[in-house]
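Take a look at this single chain, the form predicted on its own, given in structure tokens.
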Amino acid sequence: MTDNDHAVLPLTPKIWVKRLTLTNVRNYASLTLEAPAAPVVLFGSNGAGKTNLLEAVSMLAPGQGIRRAALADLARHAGGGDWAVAASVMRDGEPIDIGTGIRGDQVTGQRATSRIVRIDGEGQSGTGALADVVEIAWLTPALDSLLTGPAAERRRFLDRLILCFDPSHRTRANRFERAMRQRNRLLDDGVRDDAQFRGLEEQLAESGVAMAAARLDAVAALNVVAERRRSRAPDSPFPWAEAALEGTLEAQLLSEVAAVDVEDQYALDLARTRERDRAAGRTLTGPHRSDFLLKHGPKSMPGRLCSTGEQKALLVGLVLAHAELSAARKQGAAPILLLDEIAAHLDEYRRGALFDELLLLGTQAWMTGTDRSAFAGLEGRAGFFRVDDGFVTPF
């Protein structure tokens, strides 16, 4: 079977970027791109600015984008330090205008701590409001080592997936991080006053257990979708994954201990281990130490032990399962997917299978690659754009 043998017709996305406008972003002085309600293929030579475009789209969601770059680093080198990304996003047939960026006067010593966000012309207090408009997930070459890298990267990846259908997860995580930083500061300053610690440790317990519970819910739901995908397509080139969480709080919740009791125990553990944490210079127990584990289902093998190609296929399958889960929880509204250099290490059969899955999901997937022919299976079913050093041309 070849790419051209596929005849799956695309579902119209319920969430998609209709118009994208960049000003002083990376290598783009100015750009307006009119995108279709279909997958988007960006092709061109290395260094042309394809990933920069995906990064700009990722800034329409909360967080730091696909590169986790400092805000000041998104500004065009020859510009004045300011940058802006604007978009008309269609959601259930209605347009919503989003604008975000920073002003040049926000940058101090090459740093800017927050970005401006406007939705339909109204200023927002933070990027969290973007989660109510658009859900975005991504897979980039930097994530190819996700299964063999540090646990922090896997936690971050899982938390980003959760945000697509549970925006409040960011609030829980931010509350936990703030309380943990304050507790670590008390430890570092040599404070031993129980009253100063108690309130922070209660916050850590409440938000930390809520984080662990949300992750467990997401992992359980992903496993259900993975099993559904396995039954539907047992020979899929993107193998089903068994997902699990490894951590103290997660283990207690899985043993059916009531969440309130887990909170109480965690608070007691934090109080008991202050001196240990003081010696270590950080808080050593909590959801910030948990690990997100993936197993290659058909082989019953830990993902970290699989070949590079198997790991790539496993991650693609996970992203597809997540998109299916998110669509089910959002009345069919699949998240926008950003797939950087996605076709580079897939053979013709796997490319065709991936394209069919994206079309059946009804996602506006933005894909990049150097070779236009790698996306031949999407001819007539996607928008093609040539990217050339800050210029984008419909093809």
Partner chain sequence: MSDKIAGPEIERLISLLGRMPGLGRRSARKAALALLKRRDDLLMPLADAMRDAAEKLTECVQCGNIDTISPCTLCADPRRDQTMIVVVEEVGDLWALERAGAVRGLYHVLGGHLSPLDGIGPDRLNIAKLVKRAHQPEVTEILLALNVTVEGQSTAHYLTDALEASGVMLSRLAQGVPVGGELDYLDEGTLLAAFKSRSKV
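Because the structure is predicted, anything quoted here is derived from the model rather than measured. Residue numbers count along the first chain shown, from 1.
What follows is about the form predicted together with the partner chain, which we do not show.
None of E275, E256, D193, E94 but one reaches within 4.5 angstroms of the partner chain in the model of the complex through a heavy atom, and that residue is D193. With the partner removed from view, the residue among R282, R289, R156, R178 that has a non-hydrogen atom within 4.5 Å of the partner chain in the model of the complex turns out to be R178. Mapping the unseen interface onto this chain, L186 counts among the residues with a heavy atom inside 4.5 Å of the partner chain in the model of the complex. Using a 4.5 Å cutoff between non-hydrogen atoms, Q182 counts as a contact of the partner chain in the model of the complex.
In the model of the complex, T140 stays away from the partner chain, with no heavy atom inside 4.5 Å.
Contact between D217 and the partner chain in the model of the complex is not found at the 4.5 Å heavy atom cutoff. Residues of just one listed stretch (302-310, 200-208, 117-125, 235-243) have heavy atoms within 4.5 Å of the partner chain in the model of the complex: 200-208. Contacts of stretch 139-176 with the partner chain in the model of the complex, defined by any heavy atom lying within 4.5 Å, are made by D166, S168, R175, listed in sequence order.
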